[in-house]
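The chain below stands alone and is given in structure tokens; this is the form predicted alone.
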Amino acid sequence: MELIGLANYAIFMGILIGIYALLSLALNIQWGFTGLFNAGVAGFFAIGAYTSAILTSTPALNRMGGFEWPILLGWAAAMLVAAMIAWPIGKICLRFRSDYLAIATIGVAEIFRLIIKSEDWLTGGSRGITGIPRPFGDLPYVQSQLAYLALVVIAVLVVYLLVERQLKAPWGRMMRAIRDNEAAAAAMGKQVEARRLQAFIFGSAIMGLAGALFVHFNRSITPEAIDPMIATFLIWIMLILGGSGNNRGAILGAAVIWIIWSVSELLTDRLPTEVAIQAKYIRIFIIGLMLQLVLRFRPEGILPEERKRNPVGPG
């Protein structure tokens, strides 16, 4: 029985690692390849989660929703709404420098969080939304978990391959050029603002997809699920640790950080209650210490960005 429990926990962790890998890949598009400091990941994650929840959930009193859309349409709508909201935000905020952009995106994410908590007619307020369908939810527990893990793995693989293909195309080389030297790219006639906006919208749509996958996995959503500590700053740590500018590094960082985060919680839960509450802060300390060590000894991350070197001719 203990082995079965560990296997179920491993599947559960694998699903969450896949969802956070999508968030890390999305942030890598914005920061790793374009240099956009988006500190409002939680906002677009929440948009995707609540959009899919509202469109696919069962009818409820005193709350918008109950449309009972097919789940795949809910996921597509989550990406579309996140992209549509990212467009005006990007048009305004991407004009700022990286530090001001970070402040602006934090403010936008906080606005979304306050709307979610206060607008009961739309999001259910602090009660959140329940009755959200889950793919393969009618199967026995283990089979249902495995089937959902397969869906998440497919989503991560598809996003990874699409992003890799774009990065090897002229679009990707242009985004790196804008990141490394925006003035030089503009002098060469590149449409810097338009390209930066494309990357911002593309990454935000993937964040919305991650939110939709998360909400259908949990079958419910509350404002606590979009805590900026979990849905923004942890994603940044995953990307920095794994290797900004490298999609494989983004996925690896998501796996390493989430395993540490989850296992440390599992260990502290075994302690006496009065000690366990205080011990939970050790998780934050461990993650922070690991980030400091990486920044000190390997600032490029575990899997750094692969940069092509121009061959040097004779003489």
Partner chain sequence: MAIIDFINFYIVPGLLLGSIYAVGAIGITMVFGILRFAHFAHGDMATMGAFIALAVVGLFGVTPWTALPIAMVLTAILAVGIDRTFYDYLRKRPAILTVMASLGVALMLRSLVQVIWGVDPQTYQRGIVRPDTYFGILLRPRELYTFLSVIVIVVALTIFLRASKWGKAMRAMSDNPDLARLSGVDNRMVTLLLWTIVGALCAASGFMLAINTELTPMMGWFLLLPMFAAAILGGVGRVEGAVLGGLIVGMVEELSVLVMPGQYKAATAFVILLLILLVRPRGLLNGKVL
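Everything numeric in this text was worked out from a predicted model, so none of it was measured. Under this definition, the rigid core comprises the largest set of C-alpha atoms superposing within 1.5 Å between the forms. Residue numbers count along the first chain shown, from 1.
One more form of this protein exists, namely the form predicted together with the partner chain; it is left out here, but the text below deals with it.
With the partner chain omitted here, the record of contacts in the predicted complex names 227-235 of 196-204, 227-235, 137-145, 209-217, defined by a heavy atom within 4.5 Å. Although the partner is absent here, Cys93 is a contact residue: one of its heavy atoms lies within 4.5 angstroms of the partner chain in the predicted complex. Residue contact with the partner chain in the predicted complex: Trp258 places no heavy atom within 4.5 Å of it. Proximity of Leu267 to the partner chain in the predicted complex falls outside the 4.5 Å heavy atom cutoff.
Proximity of Ile11 to the partner chain in the predicted complex: non-hydrogen atoms within 4.5 Å are absent; the residue sits far from the partner.
When the partner chain is considered in the predicted complex, only one residue from Leu162, Ile111, Met84, Leu72 comes within 4.5 Å through any heavy atom, namely Ile111. Among Leu167, Met79, Ile106, Val152, the residue placing a heavy atom within 4.5 Å of the partner chain in the predicted complex is Ile106. The two forms, fitted on the rigid core, differ between the shown form and the other one by less than 2 Å at the CA of Ile259. Comparing the forms between the shown form and the other one, the C-alpha position of Ile286 differs by 2 angstroms or more, with the core used for superposition. Relative to the superposed core, Leu295 undergoes a C-alpha shift of no less than 2 Å between the shown form and the other one.
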